[in-house]
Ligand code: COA
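A single chain, nothing else alongside it, follows as structure tokens in the form predicted on its own.
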């Protein structure tokens, strides 16, 4: 049985801080910030918003867009690394909010859990629910998989310039209009790491930036190797001499902690894939230098990062490599459109990969590209650490969905925060009743109880 994404919707907070304002306040060069990271604006949650209401607003939007009733939905999963309860799952909060609109008990039949594995958990949730549909357990119902996060870092830290917030929801069923997942080829790689983590009671993560970036690329490469073996074994893709698996993906969506990380990850994968092919000699000649090798090529990530001579030469080589015509053709054709939304919104953790997919659909369609039959590859990564590589094919009904996508319209009227306003929100100095925007037709947080008997209980309302 087929399974895939029938529709996709986003909800992004309407407050943002402009990268140029942020850079000047922190004594950074705005051009370097935007050019180096690919960040122009970072979405920031209001005082009356949290990951659960972001998720509920995205769910309401996709249900209204598709005229769905609660009876049409059999499962609702929420994937997040911004959880605020160690026991009560976030999908229960979302169902509680939706029942304010659809009626008390209207979703009580709807199974689901909150999933956590840093930024990769949404991909595991998609895989689980796709298999629920393939197993014919859905009984004609659809699944909602919501990825919702607030990327927040300590003030003054290097991560502070890669913040963002928002939610993406995907409607899964057995007759998907957008994308049907390729069966039996999803591949994973997992190991115990401390590249990025958030201990109990800490609101912001502990980040080892360079280490995490390199681990991301290595883990996705390993998952890609496993994916390649599966597609060959199943006969899904016929590999010819001189091919790489990337040649058989029309689009490649990467996890995007910031948009330029997508470029780095693609360059790393392309180098790995091309290194053993005849074309590599031609590319090295064009670059004019040999590809550098670390002193200890089988060493640890720490030893590679500590090899300053190698790191300097590798940075130079990568810059030259990404300027070659061969790489530019891959980048422009397969990745570039997926980065546009990220530059305007920032890091969405679990949702960043799927915001990229949503971005790619809209902006490739606007170019006049016929998306029908195109294979989309996904490189998903979650710190701690796990990677997942999977793929799917764009379906005949795609245009019905994609023609209505308009990121600018969906972002709506955005309010540009002053640095003082941003810092007040960042440091939780405002209560829900002091929110900066009073939204209508949206779920908002109105109260978090602090008394001993009910500590942590959250109350939401739907603003008419």
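Please read these numbers as outputs of a predicted model, since none were measured by experiment. Positions refer to the first chain, counted from 1.
Only in words, not in the display: the form predicted in complex with this ligand, which the text now covers.
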Using a 4.5 angstroms cut-off on non-hydrogen atoms, would residue 132 count as touching this ligand in the predicted complex? no
Taking 4.5 angstroms as the cut-off for heavy atoms, does residue 244 touch this ligand in the predicted complex? no
Is there a heavy atom of residue 397 no more than 4.5 Å from a heavy atom of this ligand in the predicted complex? no
This ligand contact at residue 218 in the predicted complex, heavy atom, 4.5 Å: no
From the list 47, 68, 37, 407, which entry has a heavy atom within 4.5 Å of this ligand in the predicted complex? 37
Candidate from 224, 178, 265, 161 lying within 4.5 Å of this ligand in the predicted complex - any heavy atom: 161
Looking at heavy atoms inside 4.5 Å, which stretch does this ligand contact in the predicted complex, given the options 361-369, 161-169, 296-304, 326-334? 161-169
Could you list the residues in 183-214 that come within 4.5 Å of this ligand in the predicted complex, counting only heavy atoms and keeping sequence order? 196, 207, 209, 210, 212, 213
